[in-house]
Ligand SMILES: Cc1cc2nc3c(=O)[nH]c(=O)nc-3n(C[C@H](O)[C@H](O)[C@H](O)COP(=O)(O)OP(=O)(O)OC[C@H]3O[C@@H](n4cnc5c(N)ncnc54)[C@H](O)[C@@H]3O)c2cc1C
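As structure tokens, one chain now follows by itself in the form predicted alone.
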Amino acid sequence: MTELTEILQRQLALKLLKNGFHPEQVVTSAAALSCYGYDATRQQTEPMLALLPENEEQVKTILKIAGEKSLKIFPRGAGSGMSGGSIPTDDGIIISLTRMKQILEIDEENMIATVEPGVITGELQEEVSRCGLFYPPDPASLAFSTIGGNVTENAGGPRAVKYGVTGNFVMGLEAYLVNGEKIKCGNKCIKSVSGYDLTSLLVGSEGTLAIITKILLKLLPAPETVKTSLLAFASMSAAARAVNAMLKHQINPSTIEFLDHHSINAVRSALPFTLPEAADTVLLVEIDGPDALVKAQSEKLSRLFQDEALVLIEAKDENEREQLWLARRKLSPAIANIAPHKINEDIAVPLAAIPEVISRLEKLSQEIDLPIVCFGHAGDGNIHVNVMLDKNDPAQAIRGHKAIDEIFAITLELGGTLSGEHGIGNTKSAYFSKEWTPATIATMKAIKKAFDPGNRLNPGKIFPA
């Protein structure tokens, strides 16, 4: 940090303290600032200042004061993002919204929750469940990620196959523009076509358009029953056919997770049940809903695959359900035994393209002589691709990053997209123009400029430099 920046930091801190901020809300020390310049990509950049507002008036004050110096603003939740979306790219101010964590209302009659952006996703789910209600979006980070972060990244999760992603549950927002003015969009109405759909525009905008301070979320009645099954198949093609067969036979799972053979081998020894050596792909299937429907669909699932599946295990109670989920939950730490580092991407492809993309990634793995571990959401085509390597080996690092170029090329050739749920951030921005035409990107940039003429809100994200 330059001497000039340090002087500006002190000036801003003093002004904020005079405007009612407590000292612990204004972070200036280098040690403390390091806690606000990272995310799950392991990037690290120190901001000039980190501010922790406790209400929307303080957000407004920050924006007004930052505007006087034309400073960059970087909004932040829990820092669990996987694409560098909250990483400061220039001297600027982090606005951490984790202290705005109130569940303002659970409207049981309309089945809507109104929350602040710092509410932890899992805690909201627990709170609404006490009212017999259900908030379905379930990103893997739900125990610590915030609703605000989920909204700005449009996070998904295993249940997306039946219920959709975060954006499918956002009914309205309140947010502040970079100039400190407040906007409201959406409402509690089930149907509303009054004006532009600014709610959907802000969902997934990665903090580049406005700072969200209030969120209206649709809730559902809690399902009566959840039934979990694990199926192992001899090939990815057989597993893909099984997914299609489920949907065609009107089985409507809430979750269809898959693990490839690398994943299976990584967790096999840690499982409380036996998977045969011939198992190439595992599907973890959950069906939820009314008792009678779940029972009927589970029986249909068993009949359909009792001959084709190498293994078919049905959980009889909550304890057995947890045991089946161990295959998925132990995966991320287990693949660390394959190699010390990984490059993690979250491509998505049409369902019919899953076997082809897995086959081509396996071929690519052989060409670069590095394991490529694939797992994810078979029901919606969202695949977590992990190139395993030792980044301290320069040759492996070069091959690994070259593989990412090829992975995205394969994905787009098969009609897929660069990201199913993690967003673009700064890690994929260089590839953005490979998915979208110049006119499409120009239109997006025009929207960005309308909201943020000076490019001060989370600059350096989404768009290629």
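Here the structure is a predicted model, which means the values were calculated and not measured. So that there is no doubt, residue numbering starts at 1 and follows the sequence shown.
Only in words, not in the display: the form predicted together with this ligand, which the text now covers.
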| Of these, 229 to 237, 347 to 355, 315 to 323, 72 to 80, which stretch puts a heavy atom within 4.5 angstroms of this ligand in the model of the complex? | 72 to 80
| message | Counting any non-hydrogen atom inside 4.5 Å, which residue from P253, P137, G376, G207 sits next to this ligand in the model of the complex? | response | G207
| note | Checking I287, I211, V385, L389 against this ligand in the model of the complex, the residue with a non-hydrogen atom inside 4.5 angstroms turns out to be I211
| task | Give a yes or no for T199: in the model of the complex, does one of its heavy atoms lie within 4.5 Å of a heavy atom belonging to this ligand? | result | no
| Looking at the partner-bound form in the model of the complex, is A430 within 4.5 Å of this ligand by any heavy atom? | no
| request: Answer for I404 alone: is it within 4.5 Å of this ligand in the model of the complex, judged on heavy atom distances? | output: no
| request: Would you please decide whether Q297 lies within 4.5 angstroms of this ligand in the model of the complex, comparing each non-hydrogen atom pair? | output: no
| query | Can you name the residues of 422 to 452 that have a non-hydrogen atom within 4.5 angstroms of this ligand in the model of the complex? | reply | H422
